[in-house]
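First, one chain by itself in structure tokens, the form predicted on its own.
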Amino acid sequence: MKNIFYILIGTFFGIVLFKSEAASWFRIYEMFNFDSFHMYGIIGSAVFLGLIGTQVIKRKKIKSIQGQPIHIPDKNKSFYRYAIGGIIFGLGWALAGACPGPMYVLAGAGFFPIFIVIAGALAGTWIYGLLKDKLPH
């Protein structure tokens, strides 16, 4: 039953991404050329709501569905790690025209060339998993 709930939430999220044009290559292209506020508004709204949600969870000590306390560990402060990771992520996003969430939305919408991008993303994740212990963190 729980898995059906997750599938429904994911489907709803995918529809929202598609209808808001967050999965549109044209909108992503506009964003990287600083031609439109559309994507920045969507991303900014997500960051703002995530910030509020995280603060509510921490301050109200909200528990998970299983009744366990939710613990959000503090992040290590490291400029270079986040800068290099962000640049790699941004380059991949700009080249592919989609970040991980919209990649699956585009696949579900019938844009089959995105499967090449998904295969590349999965291969990159697998390679990172192999090299993770050898990389500076």
Partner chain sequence: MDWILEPWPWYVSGPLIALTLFILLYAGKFFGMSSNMRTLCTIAGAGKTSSFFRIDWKDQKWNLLVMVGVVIGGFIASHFLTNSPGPDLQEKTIAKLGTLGITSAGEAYLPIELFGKEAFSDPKIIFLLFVGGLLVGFGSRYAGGCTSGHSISGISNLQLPSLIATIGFFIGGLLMVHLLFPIIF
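Think of the rigid core as the biggest set of C-alphas that the two forms share within 1.5 Å after superposition. Residue numbers count along the first chain shown, from 1. This is a predicted model, so every value here is computed, not measured.
Separately, the form predicted together with its partner chain exists; it is not shown, and the next lines address it.
Do Lys75 and its partner chain share at least one heavy atom pair within 4.5 Å in the predicted bound form? Yes, Lys75 is a contact residue.
Scan 89-106 and note down the residues that get a heavy atom within 4.5 Å of its partner chain in the predicted bound form; none is a fine answer too. Phe89, Gly90, Leu91, Gly92, Trp93, Ala94, Leu95, Ala96, Ala98, Cys99, Pro100, Gly101, Met103, Tyr104, Val105, Leu106 sit within 4.5 Å of the partner.
If you line up the core, does Tyr82 shift 2 angstroms or more at its C-alpha between the shown form and the other one? Yes: Tyr82 shifts by at least 2 Å between the shown form and the other one.
With both forms fitted on the core, check whether the Cα of Pro73 differs by 2 Å or more between the shown form and the other one. Yes, the C-alpha moves 2 Å or more.
Please check if Ile15 moves between the shown form and the other one, taking a CA shift of 2 Å or more relative to the superposed core as movement. No, the C-alpha moves less than 2 Å.
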